[in-house]
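Two versions of one and the same chain are coming, encoded as structure tokens; call them structure 1 and structure 2.
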Structure 1
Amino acid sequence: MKAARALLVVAGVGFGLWGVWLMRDFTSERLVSAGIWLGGGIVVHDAVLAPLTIAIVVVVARLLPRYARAPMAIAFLVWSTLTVVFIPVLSGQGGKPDNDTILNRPYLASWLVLTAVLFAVALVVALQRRSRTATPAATAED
């Protein structure tokens, strides 16, 4: 375990140094922009996303039955992470009106399909968990 952890630390430091190496030709304006982006990401995560996620999990955990909590929590974690990745294309950032080859896909429809499939799979898993836990009790009652 210590070897794996050390390997991950070495890989992380290596990737960090590679990132710094790639930024060696940045102008001061681009460095400031990158710093704002990195700092903004941390602030948005710690001040908005993490508290919101905890609040949603607390509320939903009280509403869902026990067998559905784990599959829905995993689905929510995957969905929220992918939604953050989808935000730039859903908001149209990077698109140019004079170039219709950029951001020319139905990203909202893709995100909705992803959401539906993800939570449908979580629902199927939750129902399987319910049937597995209900079977011994039903047998005991018979």
Structure 2
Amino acid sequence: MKAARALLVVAGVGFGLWGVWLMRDFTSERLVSAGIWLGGGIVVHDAVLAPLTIAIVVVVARLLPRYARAPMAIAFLVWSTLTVVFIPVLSGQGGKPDNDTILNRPYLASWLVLTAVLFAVALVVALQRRSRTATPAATAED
């Protein structure tokens, strides 16, 4: 295992250096732009996306009853990650005004439907879970 790990490190460092070598001819303008995108991704995730997610989870976990937490958590996970995937098509950026074969679907409407369906399903599951946990307690009291 030690040899395998050493091999992985050597190959990994080699690959990384090759990637840096491939950028040797880039103009400073291109390098700066690439650097902004490389560092910017980390900043946007670590300083914005991650704290925001944690804040939402903390607040919502406090508000939601326990039976609703797992379904809502899954709905939120799926909704938030899919929304990130769909940012380019939802943004209205990209494509060309003279080409209507690209970005030619009603993305916002689809996203609203997706949002509604995800949280509606989560709500139904949550209500089912409530009735399932409530029934044995009710019979026990009889």
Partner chain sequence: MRLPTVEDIERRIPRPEDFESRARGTQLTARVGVALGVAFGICFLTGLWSHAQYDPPGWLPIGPQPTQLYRITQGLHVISGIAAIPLLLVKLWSAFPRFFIRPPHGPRALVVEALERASIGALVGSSIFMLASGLLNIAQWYPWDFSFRATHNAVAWVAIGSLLVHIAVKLPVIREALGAPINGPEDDPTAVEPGSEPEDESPGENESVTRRTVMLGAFASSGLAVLLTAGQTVPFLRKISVFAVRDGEGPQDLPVNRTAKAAGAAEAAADPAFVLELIVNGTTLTLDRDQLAALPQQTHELPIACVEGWSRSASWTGVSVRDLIEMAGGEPRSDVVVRSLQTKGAFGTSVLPAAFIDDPRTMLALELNGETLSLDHGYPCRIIAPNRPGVLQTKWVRQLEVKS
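Numbering runs along the sequence of structure 1, starting at 1. In this text, the rigid core denotes the largest set of C-alpha atoms whose superposition between the two forms falls within 1.5 Å. These figures come from a predicted structure and were not determined experimentally.
Legend: structure 2 corresponds to the form predicted together with the partner chain, while structure 1 does not. Here the chain moves as two rigid blocks between structures 1 and 2; the smaller block's rotation against the larger, from C-alpha superpositions, is 33°. At Glu29, the distance the Cα travels between structures 1 and 2 is 8.7 Å after the core is superposed.
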